[in-house]
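Read the single chain below, which is given as structure tokens and is the form predicted on its own.
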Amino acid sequence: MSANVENFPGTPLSQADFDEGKILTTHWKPKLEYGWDAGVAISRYLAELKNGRIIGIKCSRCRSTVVPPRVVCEWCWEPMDDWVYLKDTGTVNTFSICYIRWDASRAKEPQIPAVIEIDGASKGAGILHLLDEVNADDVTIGMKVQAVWKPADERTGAITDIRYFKPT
């Protein structure tokens, strides 16, 4: 069944109507400003990264310690508020050898994103970050690593305040 404009109510418009100014149009560019709140747990986590420290949070009920911190335990659903400083060392849980950059262009040297289980946190609790100062062929699951921090005056309160993790 083909659509026939006579079957629809209203006034059909043509490109000529627009080109000849017969149609009233407005071009509105709203001024929109956005604010984003990281929340209580992540805000503190980012502030501590700026100070060169990794902080996690412990559940008082099931005793799990997680990083990045959150306000509710993902295991037992209890509120979490027992902050704990963690080491800036950890263990490679999983990794990838990546020859594609974030902009989808090819890289000659690979980047190595990895999930790092932070020492002092519960098994499986960790952060996604990059490995460096290591040959891609030498990376293994279970490898011990340590954070390499930006200089204090270059930190902004972001996960990138840790430049990367390197083998210990």
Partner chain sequence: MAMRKVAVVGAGMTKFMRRAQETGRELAFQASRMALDSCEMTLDDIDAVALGTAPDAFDGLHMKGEYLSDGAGAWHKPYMRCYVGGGTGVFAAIQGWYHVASGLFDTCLVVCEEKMSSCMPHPQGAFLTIFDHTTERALKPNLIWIFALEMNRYMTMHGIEKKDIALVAVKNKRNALDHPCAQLAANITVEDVLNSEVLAWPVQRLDISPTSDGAVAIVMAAEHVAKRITDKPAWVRGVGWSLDTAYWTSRDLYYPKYVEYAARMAYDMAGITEPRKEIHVVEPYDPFDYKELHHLEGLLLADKGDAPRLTAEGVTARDGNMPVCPSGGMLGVGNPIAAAGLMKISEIFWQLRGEAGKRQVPGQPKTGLAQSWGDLMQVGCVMILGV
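Remember, predicted model here, so these are calculated numbers, not experimental data. Numbering follows the first chain given and starts at 1. Take the two forms, superpose them, and find the largest set of C-alpha atoms that agree within 1.5 Å; that set is the rigid core.
Separately, the form predicted together with its partner chain exists; it is not shown, and the next lines address it.
According to a 4.5 angstroms non-hydrogen atom cut-off, is S60 in contact with its partner chain in the predicted bound form?
-> Taking the distances in the predicted bound form, the answer for S60 is no, it never comes within 4.5 Å of its partner chain.
Please check if T25 has a heavy atom lying within 4.5 Å of any heavy atom of its partner chain in the predicted bound form.
-> Close contact exists here: in the predicted bound form, T25 approaches its partner chain to within 4.5 Å, heavy atoms only.
Does its partner chain come within 4.5 Å of any heavy atom of E74 in the predicted bound form?
-> So E74 counts as contacting its partner chain.
Does at least one non-hydrogen atom of T11 fall within 4.5 angstroms of its partner chain in the predicted bound form?
-> Output for T11 is yes: heavy atoms within 4.5 Å of its partner chain.
Check each residue of 92-127 against its partner chain in the predicted bound form and list those with a heavy atom within 4.5 Å, in sequence order.
-> The stretch touches the partner through N93, T94, F95, S96, I97, C98, Y99, I100, R101, W102, D103, A104, R106, Q111, P113, A114, V115, G124, A125, G126, I127.
Superposing on the rigid core, does the Cα of P151 end up 2 Å or more away between this form and the one not shown?
-> P151: C-alpha displaced by less than 2 Å between this form and the one not shown.
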